[in-house]
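Quick setup: the structure tokens below cover two forms of a single protein chain, split into structure 1 and structure 2.
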Structure 1
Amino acid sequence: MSSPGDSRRTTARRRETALFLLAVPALLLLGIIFAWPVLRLLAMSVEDGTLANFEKATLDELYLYVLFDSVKIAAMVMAICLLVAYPVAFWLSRAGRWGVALGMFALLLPFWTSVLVRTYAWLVLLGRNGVVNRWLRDAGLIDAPLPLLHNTSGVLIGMVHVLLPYMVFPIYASLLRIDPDLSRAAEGLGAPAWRSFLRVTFPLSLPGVSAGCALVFVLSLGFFITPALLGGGRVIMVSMLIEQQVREFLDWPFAAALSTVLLVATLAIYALIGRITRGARHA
């Protein structure tokens, strides 16, 4: 025997189940294109029955050094992107229709060219005899060409250029979601523009900042074309080593171990970014 209360609960539960079913295709897709390959990767890295691959990936100073360096570069790219992207996103969120159209066009334009072509364009611009150095020399600002390329600064410039939109758009979206009356209210209550920004607009845009940082950071860690070309061989990203193992030496188990270490490091830093921005929001 079931009471009327029971049947109501059942109906409610059925509705929840129906809602959950809506998420099933997405979960399945994610399971197929993400979870399954990751599990296979993990299985591959220990297929010889030992943790030797992980030992090498985490204890060998070569791989540790490269991993640390990759994280450092990704963090620098993220920081520079944030500094450049925030003002752009802020301007976009307040620009008129034409300003937004122009800004979007400028931001999306690079997406229509391949990363390779864009990277070569930087070679032309930043080289010893490139456009930038020629200008600076003609303007009498420098005597010897600046080493902009084939070192860390070249890699940073190239990666920031490619990844900038991934920082701008989440921040722009979160700024758009903020009720414009909030900054009006802050101003009306006596806040100068900069205080209104610091106390109201910026904290409320932190979800976008967090998403942008996470996106840029994760994508940075996976880059290898740009650092390979613009780093002149002096910048080694862990993704380049993984690619080497897969493509040249077919040592998939070791590549899998390196990838797993990278994935774990990425998730850890991702969690850290989330925690920091959440903390900042309620400070």
Structure 2
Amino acid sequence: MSSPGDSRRTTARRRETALFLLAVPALLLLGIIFAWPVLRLLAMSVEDGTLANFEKATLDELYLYVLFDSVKIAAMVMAICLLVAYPVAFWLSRAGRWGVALGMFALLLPFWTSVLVRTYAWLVLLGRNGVVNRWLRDAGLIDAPLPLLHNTSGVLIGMVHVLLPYMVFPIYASLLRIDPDLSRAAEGLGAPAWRSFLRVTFPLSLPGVSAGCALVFVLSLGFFITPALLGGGRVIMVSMLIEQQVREFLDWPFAAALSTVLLVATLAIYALIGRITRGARHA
């Protein structure tokens, strides 16, 4: 005769099986859309039966330089977005209803316009005779136009503008989950506001910081349109190199090897960001 505990375990197993069966169509869809292209990419990169394409992608100085430069730009975009997004998210978490509505409208408004249109707008704003240089000249702050286009500065400005909301929203969601009474209790015990923020608010918001940093970094590493237009061919990222191999040289196996190297680098850095954030949270 079965006990009540066995009956509950059987019911729980049946429920888990039913939930898994419900998830099977979604898992198959994800496998077809995501897993199969990645496996096809791996197969294409070694279709000649050797690792020559990977050796070229990882040992050639040119491709290593482009990879490291891409990682550097992605890290800079991530850092700038974090420095700008955290105060914005903190203000939104403390603002009233109208302040939150206005802030959300400002953050969501760019999503109504394509990335291509926004990038062309930056071409107009940052050009030698663009709005920014003209305003600075009229204000007497500069004598000659600043080089804001076709360099790393222009690429950073355009990418930060596109990716900033992806940093704000995770941090904002994390800050909303923090009980305000914790900060008030710390201040009631004599801690100044800045110490209360550093010892209470910031550590508890690290999950949002980690999610925002990982999201912005991954998106930055694979960015194409903004670096291609604002960089003017002088700032080369891995995505542009992959596109060049396919469009100009029709070298699909080498492009697949470059894509695989980029994927592995992205996963490794993503894991590193998560580990650093977890260590800081438990410190």
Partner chain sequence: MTILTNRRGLLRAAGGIATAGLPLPAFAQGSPPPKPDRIVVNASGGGMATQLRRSYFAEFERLHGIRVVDTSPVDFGKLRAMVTSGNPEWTVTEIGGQDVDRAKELNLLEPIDTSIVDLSRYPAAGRNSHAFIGSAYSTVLGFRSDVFRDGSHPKGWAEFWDVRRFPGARSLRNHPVDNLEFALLADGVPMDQIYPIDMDRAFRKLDEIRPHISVWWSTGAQPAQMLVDREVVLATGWNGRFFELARRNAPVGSEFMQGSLKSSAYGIPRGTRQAYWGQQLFQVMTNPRLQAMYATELSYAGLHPDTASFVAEDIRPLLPTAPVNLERQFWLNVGWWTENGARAQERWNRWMLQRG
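Note that the coordinates shown come from a computational prediction; the quantities given were computed from them, not determined experimentally. All residue numbers here follow the sequence of structure 1, with the first residue given the number 1. Rigid core here is just the name for the largest C-alpha set that superposes within 1.5 Å across the two forms.
Next item on the list: Would you check which of the pair is the form predicted together with its partner chain?
Entry: Pick structure 1 here.
Notebook entry, point to check: If we fit on the core, is the Cα of residue 250 displaced 2 Å or more between the two structures?
Noted result: Residue 250 C-alpha, core-superposed: shift of 2 Å or more.
Margin query: If the two forms are fitted on the core, does residue 268 show a Cα displacement reaching 2 angstroms between the two structures?
Written below: No, the C-alpha moves less than 2 Å.
Next item on the list: For residue 28, decide whether the Cα shift between the two structures is 2 Å or greater, given a superposition on the rigid core.
Entry: Yes, its C-alpha moves 2 Å or more.
Check: residue 14: how far does its C-alpha move between the two structures, core aligned, in angstrom?
Finding: For residue 14, the alpha-carbon shift amounts to 3.8 Å.
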